[in-house]
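As a starting point, one isolated chain is supplied in structure tokens, in the form predicted alone.
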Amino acid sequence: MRHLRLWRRFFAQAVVRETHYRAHFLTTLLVGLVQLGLGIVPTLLLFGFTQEVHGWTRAEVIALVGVYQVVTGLMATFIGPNLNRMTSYLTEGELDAVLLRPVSSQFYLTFRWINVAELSNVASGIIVLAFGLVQSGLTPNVGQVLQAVVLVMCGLVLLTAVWSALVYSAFWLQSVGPIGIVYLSVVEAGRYPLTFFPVPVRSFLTFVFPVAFATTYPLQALSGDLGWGSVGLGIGLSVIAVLLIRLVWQRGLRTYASASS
């Protein structure tokens, strides 16, 4: 409960900061809309020559782009602002002060900063998702919506774990800027259905870089093509990922030498 109260304070502070920089909100919204449009254009071009690709219609892929926008918006709101700071925490000695706080240092470094403006991209993603579902004629029931929500949450946990593992390598490499670029490049695969890729790539995007749990699987759940077994798998993988990333963090702390020492 202490961590929850602390996070609520972080969020309140972020909202106050955002009210002082309204231009930032508008800029983020415009950039997000441009990115969303660029994500939809390839879909329109692809389906200009066919009605269906690997069992997916144009409307379903547009809905998938909406899910992708929601997920990346949430990551950019709550996770990105923190993990992008990891190198400076280590090289400038800021981690020293964090370790002295009466709170989990890993929690603090993962959730301290929040970019409220990115929630506009989450909203635009929901609109595109709703449009795609209506166009495809899908009317998910409560159970299917619940499956999709749980899978999105699992996808967020898994993507956070992968990104964290990559940035925690800063304990040994000092700088992880290029690694962050690789992460952002690979996550782009979430714009497209898993079946669009060869089998080895599908396995990679499911178990190694599990973006499928954040985008493709939630939409399949909304369309009724996924059972609770896949949801259970997502929950199980999420628990394992959290435990593993905790071990990586603890290992990194044991090798950490203060930048100010």
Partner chain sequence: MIRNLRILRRMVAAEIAQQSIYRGAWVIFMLANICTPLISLLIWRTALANGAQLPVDERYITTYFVLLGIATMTTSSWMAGFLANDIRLGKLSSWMVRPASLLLGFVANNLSEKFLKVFALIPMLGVVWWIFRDSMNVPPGFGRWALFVVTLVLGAILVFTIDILIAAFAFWMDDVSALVQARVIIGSVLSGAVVPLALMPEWSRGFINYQPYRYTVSFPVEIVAGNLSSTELMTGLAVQIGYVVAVGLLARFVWAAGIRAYSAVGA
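Keep in mind it's a predicted model, so treat the numbers as computed, not measured. Numbering follows the first chain given and starts at 1.
Omitted here: the form predicted together with the partner chain. The next part is about that form.
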Partner-proximal stretch of 124 to 132, 70 to 78, 142 to 150, 181 to 189 relative to the partner chain in the predicted bound form, 4.5 angstroms, heavy atom: 181 to 189
Thinking of H20, A97 and L100 as one candidate spot, does the partner chain come within 4.5 Å of a heavy atom in every one of them in the predicted bound form? no
Partner proximity in the predicted bound form: E52 to the partner chain, non-hydrogen atom cutoff 4.5 Å: yes
Check F196 for me: does it contact the partner chain in the predicted bound form (non-hydrogen atoms, 4.5 angstroms)? yes
P42: heavy atom within 4.5 Å of the partner chain in the predicted bound form? yes
Contact flag, V34 vs the partner chain in the predicted bound form, heavy atom cut 4.5 Å: yes
